[in-house]
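Taking the form predicted on its own, here's one chain by itself in structure tokens.
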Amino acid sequence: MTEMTAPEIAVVGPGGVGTFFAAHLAAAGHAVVACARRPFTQYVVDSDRASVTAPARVATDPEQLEGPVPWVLVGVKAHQTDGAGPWFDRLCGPGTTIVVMQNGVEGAERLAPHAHGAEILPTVVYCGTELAAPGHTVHARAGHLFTPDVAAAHRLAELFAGTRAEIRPTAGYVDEAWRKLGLNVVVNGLTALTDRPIAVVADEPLRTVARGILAECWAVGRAEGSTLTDDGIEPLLTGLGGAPGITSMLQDRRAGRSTEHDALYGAVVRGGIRHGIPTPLNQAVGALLAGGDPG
């Protein structure tokens, strides 16, 4: 198989989120390659505020690429990480920075076995998208990554300079990570198990369940170094009760795909075990999702 010239940036997993960030980088003139199962020739982001189109360069086999490369953006879902191992073997080395665009708080640990000496930059993803077709994503809201305030994050921000995709290094990264995990454990499982949109969390008694799930998550988060308090629970639930749309986990459940339940609920349970904090609601929701998972 003929090898391609090594790109500057590889996006492993150009789903809705991966396509959004890849498209903005490609439109800004960066040498981007999408590592995908199916080929496509163009990036299309349909959006009210961040629309962009750009030519796409796609590899469907790791052997098509030279490596390592300077940047690897990881867009596969958490439970798909090991399956993408051949891509990381080809693309990652001591001069690489891996940007983990996955849900959960264990991204660095998850990617470590595949890093081959690369630096790993965890992120908190806020980017509401849905993949319409390979290379074509429909963007509804947000479009930024929170990162730790480290040198690699500022280099990443420079890559995205002038685009509608934003990198936000912050000294409060631990709080951002556990705030997002709390949001995810509230909405993903409840929507997937009830087959209803995000606003289902406004309905009693599900709001009571959501309140308990979030309290468990943030208790573990405080043990891990966050400063989040339970004073933030009711405002978050009220906001979610009026939120439009459905979750990615419900999309996966309706499509018969495996879900990332372990990266969310499993992370809370494992943290609870480490710190001696009971997490029965997260354990129960995670078990129910696992029981119905096709994988």
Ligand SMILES: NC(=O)c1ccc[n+]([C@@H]2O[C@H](COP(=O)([O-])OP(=O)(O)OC[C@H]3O[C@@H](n4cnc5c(N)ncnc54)[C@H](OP(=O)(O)O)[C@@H]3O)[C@@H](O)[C@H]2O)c1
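Residue numbers run from 1 along the displayed sequence. Just so it is clear, the structure is predicted and the values come from calculations on it, not from any experiment.
Note that the form predicted in complex with the ligand isn't included here; everything after this is about it.
Of the residues Val45, Leu250, Ala36, Ala267, just one reaches the ligand in the predicted complex with a heavy atom at 4.5 Å or closer; this is Ala36.
Checked against the ligand in the predicted complex, the candidates Met101, Ile98, Ala210, Val105 yield a single residue with a heavy atom inside 4.5 Å, and that residue is Met101.
The stretch in contact with the ligand in the predicted complex, judged by heavy atoms within 4.5 Å, is 82-90, chosen from 192-200, 166-174, 219-227, 82-90.
Taking the partner from elsewhere, every residue among Gly15, Gly75 and Val125 has a non-hydrogen atom within 4.5 angstroms of the ligand in the predicted complex. At the 4.5 Å threshold, heavy atoms of Leu131 reach the ligand in the predicted complex. In the predicted complex, the ligand sits within 4.5 Å of a heavy atom of Lys180.
For Glu260, a non-hydrogen atom is located within 4.5 Å of the ligand in the predicted complex, even though that partner is not displayed.
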